[in-house]
Structures are given as structure tokens and as C-alpha cells.
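Presented as C-alpha cells, the chain that follows is alone, the form predicted on its own.
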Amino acid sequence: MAQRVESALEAAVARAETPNAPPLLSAAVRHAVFSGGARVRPQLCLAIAQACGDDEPGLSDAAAVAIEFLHCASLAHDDLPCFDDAATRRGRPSVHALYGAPLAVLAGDALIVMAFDTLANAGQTAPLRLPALLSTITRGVGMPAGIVAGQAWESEPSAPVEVYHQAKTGALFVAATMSGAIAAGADPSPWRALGERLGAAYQVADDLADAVLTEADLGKPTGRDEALHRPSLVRDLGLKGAYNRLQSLVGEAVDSIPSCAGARELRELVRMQATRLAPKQLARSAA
């Protein structure tokens, strides 16, 4: 699954790297995409497509690529000086630290356009599925409750923590789970709960990591929630309460997986990700 994701991403990026493309922009886009991410969202999208039959693998690949491009774009923008002002991401220089803020903005913008261009090209093989895919993914990204809205909540005087978390992180997980089903021609509605629970779990884990881990542990600056006065379940529930909430959400995610041919593999994928979400440092701090 991981190799399938990387191959699809490489092919999609390569299509945009023509001799006429600005070289620094091409380099910034490549840096944003191939920076050591876990590829959780695209792998989840493909795993669900496979569980639903995956009769149009080209479309499933395109959905997975689009979701990862949009995620990478959001990180390039999130790290900018006007937001988190993060010099590192995944233990490497962030896009703006390496290429400057203007190219980081443009690389994020380019990835957003590339995401939908990838979908449009692949959708020609199954045009009746394309409108639902586009609608599902755009809802996960834009207004009123996608990742753009999640970023915008950080500019408000206050934000309801659950609403903020669902937009900032949960929305793209919902898009990933539902898009996998749509790309395979299946009903996406049974897969919404999995995306919601996993997205919530990832955001709680992020709150915990920001509060407990060091920059060396995490590969990016920590302590930003407190410094920037952002909504955080650690602040609301304490370390132990937030950690218990994380464990509960992971269990709910596993339980939400509908009956299907690949249910066992999906449960294992979720459990594996849960182990990665809750490293020993978090468990010790919560205890």
C-alpha cells in the first residue's frame, strides 16, 4: 500500500515538472510532498477502496494523491511566518525556511490546483463518480468546515475546541475514508464515522505531542498551542484526560469499521497507527 501511494505521488508530481516550469517552484513542490510523511490519509483512502472492490484503481490512486497533495499544501501554509512560523517539519527545514515565504505560498497553491487536476484527469474513466469525489474532497478542504476553516479559526478571538479540531484535522480524514469508497463505486456514508474518529484521535495526539514532546522528538517546533493560545484538549482535560480521550477515540474508530472484505486488515491498520500516535513518552506523561 505504501509503495502504491509513493508511486502515484511521484507520477503526479512528475507530470507538473515540465521544462517550462519554474525550477525553484518545482523544487519547493517536491520538497513539500516528499518530506518523510507517514501518508496516513492516502493509505487509508486506498485501503477502503480495496475493501470496497477497487474496480477503478486509477481513480482510487488519484483520490489518494489529491488528498495527500491538499494535506501537504496545508502544512506548507501552516508553517509560514504568518501562522506557526515553524522552521522545521518532520525533522527537515520547512518549505518557507528552505525556499522563502513567497515560494512556500506558491508551492501550496500549486499543490491545491494539482490535486484537482489529478482528479479531473483520472475521472475520465469513471465520470459518474467524479462529482461526488470532488464534492467530498472540497468539503474536507474549504468552507465552512474544512481545513481552511480550521486554519481560519486560529485567527478568531476564540474557537470551540471540538469544532476547531474537526475542521483542522478531522475533515480531511473524513474526505479520505469517504473518497476511498466513492472511487470504488460504493456507498460512502458507512465510512464517515471512521474518518471522524481517526481525525479526532490525530488532533488529540497532536495536542498531547505539542505539550509533552521536544522538537527533536517531533521533528517540528513544540509548545505552539500554549504560546499562540490555541484551543487544546490538553488545556481542557489535562494530560491524563486527553490521553484517555485518545485511547477512547482509537477504540471507537476500530469499532466503526463496517463489515467488508478487508475489515480485518483495516482494523490492523488503525491499530498500527494508534501505536504510532501514542508513543511511550505520551503514556508516561499522562500517567
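Small disclaimer: the values here were computed from a predicted structure and weren't measured. All residue numbers refer to positions in the sequence shown, first residue = 1.
One more form of this protein should be noted, the form predicted in complex with a further copy of the same chain, which is absent from this view; the next part is about it.
- Taking the partner from elsewhere, residue 48 is found to have every heavy atom lying beyond 4.5 Å of a further copy of the same chain in the predicted complex.
- Among heavy atoms of residue 32, none comes within 4.5 Å of a further copy of the same chain in the predicted complex.
- Under a 4.5 angstroms non-hydrogen atom cutoff, a further copy of the same chain in the predicted complex has residue 77 among its neighbouring residues.
- Proximity of residue 87 to a further copy of the same chain in the predicted complex falls outside the 4.5 Å heavy atom cutoff.
- Of the candidate stretches 147 to 155, 213 to 221, 200 to 208, 88 to 96, only 147 to 155 has residues with heavy atoms within 4.5 Å of a further copy of the same chain in the predicted complex.
- Contact check at 4.5 Å (heavy atoms) against a further copy of the same chain in the predicted complex: all three of 22, 82 and 142 pass.
- Interface residue among 134, 186, 161, 193 relative to a further copy of the same chain in the predicted complex, by the heavy atom within 4.5 Å criterion: 134.
- Only one of 103, 174, 72, 181 comes within 4.5 Å of a further copy of the same chain in the predicted complex through a heavy atom, and that residue is 103.
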